[in-house]
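So this first bit is one chain, no partners, the form predicted on its own, shown in structure tokens.
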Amino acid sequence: MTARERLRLARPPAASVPAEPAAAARRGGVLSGRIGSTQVIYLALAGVMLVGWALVALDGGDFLTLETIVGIQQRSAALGIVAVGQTLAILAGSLDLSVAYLISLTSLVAAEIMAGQDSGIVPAVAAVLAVSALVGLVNGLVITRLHVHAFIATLGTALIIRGVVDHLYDGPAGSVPESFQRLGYDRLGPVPVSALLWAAVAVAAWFLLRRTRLGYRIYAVGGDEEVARLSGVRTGRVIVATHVLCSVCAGIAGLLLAGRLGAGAPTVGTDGGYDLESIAAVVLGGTALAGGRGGVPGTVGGVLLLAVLDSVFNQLEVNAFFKDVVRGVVIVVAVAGYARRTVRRRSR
């Protein structure tokens, strides 16, 4: 294929959706009469909820209660926000392993600046967003300018942040005012405020991917970075932008967890396993680790599926070892299923 042909094929269409999602919908989605990866994850979510309801009922409990539904939403909010940011990075063919330590750092920054005072909320939020964006910028520049693989670059950043946090803090620090703690616990009817925050972040990311030039370019870079470069896309800037957005999402999750805990904690991000959990949710939702295929709706389904599994396990009082085994099996089976469908499509 000549360079001119590559340029022609790489140019995004005039339609209102990126070329890759439109093509994916035609090949494996509603238009072809087959079920796409996003539909699969929501069907799996419905199936897990049904099986979970049956198992809890056999155990003498009641799964589909208001308390359970609210708990699932609250449990998934922080992970969901991080996973949305991780989706952007993975779609561009990258990933971020520093998010867990960044969450811990930003929770401490927020709590220390607030110091229990309402007047400190705005400066704390601004500082958290600035620190998060700076970390994302560093990650992106190390990957694009120094040509370090994203796995190594973000792992190195994670270790640097861990060293700083371990040196400065031995335990919880700072204080969050009661007005900000409402972000973690208040709700509007059956919907927690934290879930609304997650929904706002998810909708913003969906809009960015589906309705903006940056969204087109993220899919193009993740699909084939060389073709995107030949078509005039500044691939380095796209990768840097996705890492900045991913880190900002981690910072928002840090603010949410600080509000929930009432203070900053040096292990809140790592204890929650937000680095690997967010990647698992993204992949579970049908986004390809190689980039260029997937989206936010699938990630939301993946996060909810993990949260429902946790809720079922908690009600059945399943031990932690078995929880991890089942979650691992679910992720491997889901990814294997997506891979098999992709191979079948290519062979036709």
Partner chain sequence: MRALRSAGPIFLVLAVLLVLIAVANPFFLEPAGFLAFVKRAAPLVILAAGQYFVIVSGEFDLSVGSLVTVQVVVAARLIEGDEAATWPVLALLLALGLLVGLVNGVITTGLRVPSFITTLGMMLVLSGAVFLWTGGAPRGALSETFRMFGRKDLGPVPWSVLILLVVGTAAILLMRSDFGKRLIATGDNERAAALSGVRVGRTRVLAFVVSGLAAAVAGILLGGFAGVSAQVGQGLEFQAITAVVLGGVVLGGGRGSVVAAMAGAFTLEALFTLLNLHGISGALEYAVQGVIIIAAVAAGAVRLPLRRAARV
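Numbering follows the first chain given and starts at 1. For clarity, every value in this text was computed on a predicted model and none was experimentally measured.
The protein also exists as the form predicted in complex with its partner chain; that form is not presented, and the subsequent description refers to it.
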* Asked: Using a 4.5 Å cut on heavy atoms, which of V308, I279, V300, I41 is close to its partner chain in the model of the complex?
  -> I279
* Ok, A130, A204, I152, L188: which has a heavy atom sitting within 4.5 Å of its partner chain in the model of the complex? -> I152
* **Options 250-258, 228-236, 115-123, 159-167; stretch whose heavy atom lies within 4.5 Å of its partner chain in the model of the complex** => 159-167
* Asked: For the spot marked by V283, D324 and G328, is every residue within 4.5 Å of its partner chain in the model of the complex through some heavy atom?
  -> yes
* Looking in the model of the complex, any heavy atom of A54 within 4.5 Å of its partner chain? -> no
* With heavy atoms only and a cut-off of 4.5 Å, decide whether T65 touches its partner chain in the model of the complex. => no
* Give a yes/no on whether V142 approaches its partner chain to within 4.5 Å in the model of the complex, heavy atoms considered. => yes
* To do: Give a yes/no on whether L95 approaches its partner chain to within 4.5 Å in the model of the complex, heavy atoms considered.
  => yes
